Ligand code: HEC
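Okay, here we've got a single chain as C-alpha cells, the form predicted alone, with questions on binding and movement later.
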C-alpha cells in the first residue's frame, strides 16, 4: 500500500510540473495585447521613451523654445545637387533651348533610352513612335502626337527635353519620374526612331553605299 501511495504521489508531482509551467505561461501571455492604464513593468528601458526631441516639441536649449530647427542656409538634400547648366534645364538661356543633345550618344545611351521610352512614352506614343499606343487606342479622345512629324524632326533637343520635364497640353510632366540624364537618353532614342523611317543615302556609311539597291 505504501508503495502504491508513493507511486501515486510521484505521478501527481510529475504531472503537476508541466501543468504549473503551462498555467504560469498562460498568465504572462494573457497580458499581451491587453489595454491597460498603468505603466507596464519594464525589465529594460522601453524604446518608445528615448532621449531625443520629436517634431514640434518645445526645448529650452534654443532661445525661441523650439526643438525643430530650420536647415542651415545653403543646405542641399542628398542627390539634389544640381546646377543651372543645360544638362538639367535644356536651355542655354532663358529664351533659347539647347540645339543638340549634351549627352554622349553611345550604344549604352540608346539602350537606356529605349528602356525608358518603352516604360514612360510607349503607352501613348507606341513603341515605334507613331502615336498609336494603347492609351489612345482605348481612349480615342486622347490625341497623341506622332514623333515622326516633320515639326518634331526639326525641333531642338532642348525643346523635347522641356516637354518631358514640364509637359505640354495633355501630356503630363515626367520630371519626378525620369532623371535628367535619362530624359536625354530618351531623346537620343527618339532621334534614332525618326531616322529609322526617314533615313537617306547620306546616312549610310560610304563603305556600304555600293551595296544599296
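Numbering follows the first chain given and starts at 1. Please read these numbers as outputs of a predicted model, since none were measured by experiment.
Although it is not shown, the form predicted together with the ligand is what the next lines describe.
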Next item on the list: Let me know the one among 154, 59, 50, 170 whose heavy atoms come within 4.5 Å of the ligand in the model of the complex, would you?
Entry: 170
Next item on the list: Taking 4.5 Å between heavy atoms as the contact cutoff, choose which of 143, 85, 106, 93 touches the ligand in the model of the complex.
Entry: 143
Check: Is residue 98 close enough to the ligand in the model of the complex to count, meaning some heavy atom within 4.5 Å?
Finding: no
Margin query: Taking the ligand as it sits in the model of the complex, is residue 185 near enough to touch it, meaning that at least one heavy atom pair lies within 4.5 angstroms?
Written below: no
Next item on the list: Answer for residue 112 alone: is it within 4.5 Å of the ligand in the model of the complex, judged on heavy atom distances?
Entry: no
Next item on the list: From the candidate stretches 98 to 106, 85 to 93, 115 to 123, 71 to 79, select the single one in contact with the ligand in the model of the complex, where contact means a heavy atom within 4.5 Å.
Entry: 115 to 123
